[in-house]
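Quick setup: one chain, the form predicted alone, written in structure tokens, and binding and motion questions come after.
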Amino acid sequence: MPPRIRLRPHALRLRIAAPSSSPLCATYASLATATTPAPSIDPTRAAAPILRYPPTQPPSHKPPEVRKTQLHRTYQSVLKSSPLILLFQHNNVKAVEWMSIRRELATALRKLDAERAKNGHEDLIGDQIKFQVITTNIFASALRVVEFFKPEENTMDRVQHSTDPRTATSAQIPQTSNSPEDEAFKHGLSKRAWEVASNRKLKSELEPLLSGPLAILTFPDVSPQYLKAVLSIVAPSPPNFPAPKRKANPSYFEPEVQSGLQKLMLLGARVEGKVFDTEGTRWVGGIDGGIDGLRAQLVHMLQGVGGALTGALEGASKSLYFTVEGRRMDMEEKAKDDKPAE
């Protein structure tokens, strides 16, 4: 029975390299599939490691596509990247009121940026100060992770050496599995971080303030000048933090702005990991000259301490000198009196 696949003999004919006297004959390929032998396995060379998850998205204990998980990740990033955070309690602030308050904040910060740029300052952070509403329970959980979850090692500590001859690659790939239950994962959404966040016995200094509807105002740097400008808008208290004048900023006295500010209450602040009450927050904002003024005060204080120490050491040496000199003069006088007259 002829094959169903039509073969072309002239395409499958193998030419003979060396000429021979024998008559040419055609050779046809077989219909059987040729098998390629597998390469020999080198027992001294291990297979290249494989990263089983995206490097920027390690497996998390909770589903990463859930909004709560993303909020938890966002709050951790905010707490780690914001050395100064103001905490407010709001009471049914409407969207129009939030928009008006943020507009006045942006206006005041732009003015401060312009003044600092005119004076030659380069650290302008007005556009990086953000005012946002938070979910209290998720923020409290993220705060416990940031303050109490201190992993001893990172996942990159469990990698093969880049010059290891047993592997076929020099890429730094963590030797972890694709399971969220792996104990090697120590990021903010790992199982170990979740266990720390679920421990209600861990209480931070900010924990008593984390109740009810809250909003945070974040700063990328601790700047008393920017803090003073913000407090003059959202929590004015004369004479140190006066509100803008009506002639200078008439939009500040619009009903939406004033109504929204009446529904905001300053609870405290988190400055470099330390919790300050309202008085402490205003003290930070009331430092004259900002960071430069604080440095000048510190230098003056150190100079005063050095001057006092120098004076004390000099006084002790002078007292000792006068005592020894007085004793020497007394002994010379006695020696003159005891000497027989010639």
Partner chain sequence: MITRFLTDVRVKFNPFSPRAKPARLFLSLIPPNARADGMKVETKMLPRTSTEPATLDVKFKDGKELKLELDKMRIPEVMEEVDRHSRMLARKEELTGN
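None of these values were measured; they are calculated from a predicted model. Residue numbers count along the first chain shown, from 1.
Only in words, not in the display: the form predicted together with the partner chain, which the text now covers.
For the chain shown here without its partner, which stretch in 266-274, 243-251, 229-237, 127-135 has non-hydrogen atoms within 4.5 angstroms of the partner chain in the predicted bound form?
Selected range: 266-274.
Mark L214 yes when one of its heavy atoms lies within 4.5 Å of a heavy atom of the partner chain in the predicted bound form, and no otherwise.
Yes, L214 sits close enough to the partner chain in the predicted bound form that at least one of its heavy atoms falls within 4.5 Å.
Could you confirm whether P208 comes within 4.5 Å of the partner chain in the predicted bound form, counting heavy atoms only?
P208: contacts the partner chain in the predicted bound form.
How about Q262: is it within 4.5 Å of the partner chain in the predicted bound form, going by heavy atoms?
Judged by the heavy-atom cut-off of 4.5 Å, Q262 is in contact with the partner chain in the predicted bound form.
Is there any non-hydrogen atom of N92 lying within 4.5 Å of the partner chain in the predicted bound form?
N92: yes, in contact with the partner chain in the predicted bound form.
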